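The form predicted alone is given below as one chain in structure tokens.
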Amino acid sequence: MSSNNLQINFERLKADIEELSEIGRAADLGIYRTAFSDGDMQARKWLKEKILSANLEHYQDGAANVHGRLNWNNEQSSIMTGSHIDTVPGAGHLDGALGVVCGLEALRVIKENNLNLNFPMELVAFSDEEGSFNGMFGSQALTGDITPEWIHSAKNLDGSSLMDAMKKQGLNAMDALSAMRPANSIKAFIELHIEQGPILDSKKVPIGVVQGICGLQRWEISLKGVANHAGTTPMHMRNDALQGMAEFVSQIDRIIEEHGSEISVATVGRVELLPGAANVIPGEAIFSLEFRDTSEAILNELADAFRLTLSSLARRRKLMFEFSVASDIKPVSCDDDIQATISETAQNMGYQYFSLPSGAAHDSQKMAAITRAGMIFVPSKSGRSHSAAEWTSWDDISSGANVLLNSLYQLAK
């Protein structure tokens, strides 16, 4: 590698990753740091202490996003990096956390080397990226994508409100309205993240340069038929809601092939049958449908195809068909110049890299609305994520952290 390249302090970075991974870890080895839980608050305290011990400025905004700042003057736009430290239940130790810890390490190295910067630098750990309260609360607040109504209505799957969860931790959710940043206050944003998929691992490539982040639509669908006796109702006289759902699911591959792209995906992940008895023909099938692509036009074409297929089979099978759109997240493209900076940095450091889209949503998706945004991926072993089996080799973590460090410095100098 070129002697001109900055290098992270790997042992310090490794120690930070291991320390943070113990916060919220349970007997099943999964990590439980859902947003505004006690584990999440403990991790925030840990991060604050690390920021202050590095002689960086600590700041927490109204959405409880945790910031670390270098050469901050509140006048110039900043070069920002970060991700999130909240988790899904039973999570692995790298999703989100890796981007925060590597961002912290990047700012420390730049400060320790007394490097000249033309722009301030900023680390952020966003609140509730995992959507415990049905959104990416922290990055939505920072980009002005929330309203008082959104805050009041935000609830988790247990029905607990965001307002109550934050109040329990001494926070006021309505303060999130003050977290919005002007677009000109952030010059660029880079997020380091594990891929959460198998592509880089299968190719044995350590660095992924993210081209864009998939948008998604998530529907809640109901097919209503007639519940009837399973033993006395002839097959040709049934209005079986499950049969209708099964026919629809069998058409998903065809619809993707005819109307999607090579990266389009669609999933039925949750099913409920009513009345749900073994000897009763299902009178209603309630299920989710989620589909993703990096093209908004393709998402719209898929939506039309799914709707027509559902309508046609419902009419033929004498079923009632209803659906509502639970989520509609637009796809975004990563900034071309930031992609080029990441690619050139990886090449200069002797790392192989591969350009690919992100199938998962990330805070960068929100940040792209107000600034130039880009992402660096590192491989996920066997594509595993959102589980205790999540793993990335230390070599790949070191490579990703070095590419992040040098890319940030290129932008800030």
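C-alpha atoms forming the largest set that superposes within 1.5 Å between two forms make up the rigid core. None of these values were measured; they are calculated from a predicted model. Start at 1 with the first residue shown and count on from there.
The same protein has a further form, the form predicted together with a further copy of the same chain, not shown here; the description that follows concerns it.
Among 228, 153, 172, 211, the residue placing a heavy atom within 4.5 Å of a further copy of the same chain in the predicted bound form is 228. Out of the listed residues 308, 271, 320, 183, 271 is the one that sits within 4.5 Å of a further copy of the same chain in the predicted bound form by at least one heavy atom.
Residues within 4.5 angstroms of a further copy of the same chain in the predicted bound form, judged by any non-hydrogen atom, belong to 197 to 205 and to none of the other stretches in 111 to 119, 175 to 183, 197 to 205, 155 to 163. In the predicted bound form, at least one heavy atom of residue 278 sits within 4.5 Å of a further copy of the same chain.
Contact between residue 288 and a further copy of the same chain in the predicted bound form is found at the 4.5 Å heavy atom cutoff. Interface membership of residue 39, defined by any non-hydrogen atom within 4.5 Å of a further copy of the same chain in the predicted bound form, is ruled out. In the predicted bound form, a further copy of the same chain sits beyond 4.5 Å of every heavy atom of residue 333.
Contact with a further copy of the same chain in the predicted bound form, defined as a heavy atom within 4.5 Å, is made by all three of 237, 253 and 360. Heavy atoms closer than or equal to 4.5 Å to a further copy of the same chain in the predicted bound form belong, across 325 to 348, to no residue whatsoever. Relative to the superposed core, residue 276 undergoes a C-alpha shift of no less than 2 Å between this form and the one not shown.
A displacement of 2 angstroms or greater separates the C-alpha positions of residue 247 between this form and the one not shown, with the rigid core held in common.
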